[in-house]
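Let's start with one chain on its own, the form predicted on its own, as structure tokens.
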């Protein structure tokens, strides 16, 4: 089966001079003939854009070499997919300067691609031409290099934590791990999430899976009080808590319970954020919106967690606009290498900006992903890069 792989990369000018590009092209073209790979390479002085076609295992092997090649930086995978036929019947590699190629295509739409594509599937032809057009028009290929980031943009390497204040035990023996969500522009903690942990530190899903409906309801009420009590002891000013959807949407007492608990520990309502996933809202649709409306009418904020991992995110944004969305880690992880993920996150961010919804990226673990997300416009981050969850303790983030 034939596949095509399309990627873009920034040229590392310290490792590849303009004079050596012709030599690179000649050697790569000859090597691709041996690999049974065809395609084109576009070059616009700062970036490469390449289409590779051939057997999947050979293309993937070549792409791994490209990722390790010091002449390429900021390599972004645009697509890898099966294809009905080659766009380029001649093995090797055609090389063009992007500006010249773009002018040729714009002045004569039948130039080169259509001549090569007469036997190809129309969808494949159309998608590939769109990717080429985006590159030749400098869309998505003009991001600053990592070396060009100003001091204020590399904040993750300048974050420190004060000495941790440890709590010996929670009021009702229910443990929580606290993890910050930080604002890298304002250089402050946006809020801190309380994550339920079992007696031995196990995650919530493992700890709670054996409880029945009534046990879960009682646990949620007690654990909420414990989380707020711990937050007060740890001097946490803005707290988010995850709720079991059955307790949140079916309990008639939840709003009053939260208000009384907040008052007891000297919190005001807007300091609490309720986190719920889009799946939970849809599964409990009948009662969800009334409950969430009650909470928001009291000043308690709402965050949709794991946004993008469910199946109704956009309809929720249209029908019930939350205060915050947290983009799921499955979309965030390795975003700096994925053109598709970058396009998705950029669209989510633009949509939420227009509706005054705060966007947070969760699961950020690498400096490269952080830079990519920051360039899109995201300012709020959660992940191991900025702070590990710590059980029954929390230390304030500081920016040096």
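Keep in mind that this is a model prediction, so the values were computed, not measured. Residue numbers count along the first chain shown, from 1.
The following text describes the form predicted in complex with a small molecule, which does not appear among the structures shown.
In terms of contact with the small molecule in the predicted complex, the residue from 388, 15, 24, 391 that brings a heavy atom within 4.5 Å is 24. Exactly one listed residue, out of 366, 28, 342, 358, brings a non-hydrogen atom to within 4.5 Å of the small molecule in the predicted complex: 28. Just one listed stretch, out of 345 to 353, 332 to 340, 61 to 69, 358 to 366, contacts the small molecule in the predicted complex at the 4.5 Å heavy atom level, and that stretch is 61 to 69. The shortest heavy atom separation between residue 374 and the small molecule in the predicted complex exceeds 4.5 Å. In the predicted complex, at least one heavy atom of residue 7 sits within 4.5 Å of the small molecule.
Not displayed here, the small molecule is kept clear of residue 370 by more than 4.5 Å at the level of heavy atoms in the predicted complex. By the criterion of a heavy atom within 4.5 Å, residue 272 is excluded from the residues contacting the small molecule in the predicted complex.
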